[in-house]
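The chain below stands alone and is given in structure tokens; this is the form predicted alone.
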């Protein structure tokens, strides 16, 4: 049986839906609730129901898909539905979906009646290799990503690779960015092995290794006091770009597309503030642009991007905090960069 054991919960990779059924049977919950979005209710919930024919008695909470809906208003809707379904503290919430569902579902469960059990069944590549693992829950507020949330671990995670067949190419590439990140910050061999593959054919071993890396990091530092901060590489600038795009673009960037921009900008800063070499920067740029088309960063937006970065929860004393690469496969934390250098990194991306 292929299982990664985190500090307090297992991450299942084989026969995962059958393992979900066993988990439900063994724990004797008073009520089972599924949190889905309109897409996962249509494409994924029938797969779960077919795999668990013995599961007859459950309720469904449905929300609209998309990062723009990961907010307190939708959370209130989830809590109200839990009340309507008479959920008690011995209920289980099953988060069936991508990163929005796992982030928001975990937050809703961790706060409802001061906390009920929840598990994740991630259905996107992004949520399988990143969002569902590590115990971070959260919602967005005023276009600042994950600014409200808790550190609460799921009871278990059940990764079913078959769900990836329901995704379009763009969603696969978005999740693939987190695999690239795990290679950049922790495993140079992983990074080198995925420099020229087809993400839509992502092999299960890449998913497994990526989850393994994240789990190794978060089990050592579950509350992000030190080592876990390396997982933020690319995300300080990437989250700002993502939020700005969500507010201003007709077809907003997906999470992985935005953090790919962050990889380049923060690799540039890694040369200036850390020990990354120019040759390694060039290699990173080559790989990122191989997978992700250039985005039109407008210089007029730099002020708004900086404002978003100043609201980042990782900051200290009003200074913008980064995790930067020492070399490919190794990352250092708590690097405070000046706004002029941050703008320089954005211009570097624009010049490519």
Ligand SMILES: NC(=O)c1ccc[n+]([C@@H]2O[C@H](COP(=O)([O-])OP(=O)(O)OC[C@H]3O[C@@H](n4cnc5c(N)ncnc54)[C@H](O)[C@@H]3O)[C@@H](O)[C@H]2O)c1
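Numbering follows the first chain given and starts at 1. On a predicted model such as this, the values are computed, not experimentally measured, just so you know.
The same protein also exists as the form predicted in complex with the ligand; that form is not shown, yet it is the one meant from here on.
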Exercise. Have a look at 193 to 201, 245 to 253, 83 to 91, 141 to 149 and name the one stretch with heavy atoms inside 4.5 Å of the ligand in the predicted complex.
Key: 141 to 149
Quiz item: Is residue 130 close enough to the ligand in the predicted complex to count, meaning some heavy atom within 4.5 Å?
Solution: yes
Quiz item: Any of the heavy atoms of residue 99 lying within 4.5 Å of the ligand in the predicted complex?
Solution: yes
Quiz item: Any chance residue 40 has a heavy atom within 4.5 Å of the ligand in the predicted complex?
Solution: yes
Quiz item: Is there a heavy atom of residue 257 lying 4.5 Å or less from a heavy atom of the ligand in the predicted complex?
Solution: no
Quiz item: Pick from 59, 312, 62, 67: which has a non-hydrogen atom within 4.5 Å of the ligand in the predicted complex?
Solution: 67
Quiz item: What is the one choice in 206, 163, 176, 107 with a heavy atom within 4.5 Å of the ligand in the predicted complex?
Solution: 163
Practice problem: Decide yes or no: are 265, 269 and 347 jointly within 4.5 Å of the ligand in the predicted complex, with each residue judged by its heavy atoms? | Solution: no
Quiz prompt | Within 165 to 200, the residues that have a heavy atom no more than 4.5 Å from the ligand in the predicted complex | solution = 166, 167, 171
